[in-house]
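In the structure tokens that follow, a single protein chain appears in two forms: structure 1, then structure 2.
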Structure 1
């Protein structure tokens, strides 16, 4: 069984984010990046399936700053093959990324393609859906459980309110992973350095095929600060009376 996992880097939201002078994107000069959280879960699910099924796991990513380190980290976690797609450009839309990835994946043996359900810098969160479209295979998103038997995958999909549905999907298929069956494994820096010496990254040229669909940003801005909270003090009865008074001031009937 061959499993392909698509991963990407996203800005580390712990860092202080600044808006570029254009007002339409982040200032990326000093940004720190990390693997997208949901992609990390997709990789973990693939590695778990490898351990139970004896599958081969290939990790694929679009070229970008420090993406080699992310790929070597995947190798340190026991991914078997690493592929970097070049020539796509900086910060492609989900449509462009899906088209480029599909063009490469279509020439690779695969039974299951896993992606993260979304990413912090996606505006539509549709990479998995679009990837399945371009590959012409089934897709299920918001997946929290995967098992495979023969040419069929049984997946658990989460809906609002914690409702879980079970689907049977014919392979090959694309799954958007929300949570792996276990916490993504940690690898020490020493093992990543070892992988850098031992593993190789295959570079393949990508093509967006003239995709022009997607969204555009008109303006970005930081949230505006409000007036702050009004703290009410006193006995419970006094506080209740003050709350009623405030509600009436707002014109709400009580």
Structure 2
């Protein structure tokens, strides 16, 4: 079985995000990036499938800041092949990214394509669904469970309230992964360094085929925080006493 995992980097949301002077983009100068956490789950699920069923896992990403390191990290986690798609430009829209990836993936042996269900910056839609439609294959998103038998994947799609629907999908198919069956594995830096020496990244030229998001960003702004929280100050014990007071005020008998 050939599994392709599409991953990308997103701004680390733990850091403060600054809006550039143009008001239409993030100030990327000091931005710290990390792998989209859902893509990390997609990779983990692919590696689990490889361990249980046997598979070749190919990790594909568009060229971008620090992407080699992210790809080598995947190799350190036992991904078999690394592909970097070049020539797409910086910060492509989801449509452009999906179209370029579809062009490259359509020339690769592939049974299953896994990617994160969403990313923090996909203004024009989720990559997995777009990719599936450009490839003309079925897809299911918000997936929390995958098993494969023969030419069919059985997948669990999550709705609100913890309700899950089970689907059978003929392969090849794209799945937007919400959560892998286990916590994404961690690899120590030494193993990543090792992978940097041992693994190779195949570079393939990508083409967005003239697609675009179809809309333009007119403005970026921080959401108004409404009334906002009344902030409690002081030493931990003082803050704790205030919180206990608030809880009691609400009629909780403690």
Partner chain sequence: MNIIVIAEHFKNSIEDITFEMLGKGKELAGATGGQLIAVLLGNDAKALADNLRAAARIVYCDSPHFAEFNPEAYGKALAAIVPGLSPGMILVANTSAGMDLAAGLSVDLGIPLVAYANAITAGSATSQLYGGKVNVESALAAGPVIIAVLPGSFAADAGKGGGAPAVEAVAAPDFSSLKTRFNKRMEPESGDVDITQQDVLVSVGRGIQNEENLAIVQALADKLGGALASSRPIVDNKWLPKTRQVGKSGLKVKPKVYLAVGISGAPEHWEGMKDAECIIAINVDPKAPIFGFAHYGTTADLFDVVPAITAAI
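Numbering follows the first chain given and starts at 1. Keep in mind the model is a prediction, meaning the values are calculated, not measured. Take the two forms, find the largest set of C-alpha atoms that superpose within 1.5 Å, and that set is the rigid core.
Between the two copies of this chain, it is structure 2 that is the form predicted together with the partner chain. Annotation for residue 238: C-alpha shift of 2 angstroms or more between structures 1 and 2, rigid core superposed. After superposition on the rigid core, the Cα atom of residue 248 is displaced by 23.5 Å between structures 1 and 2.
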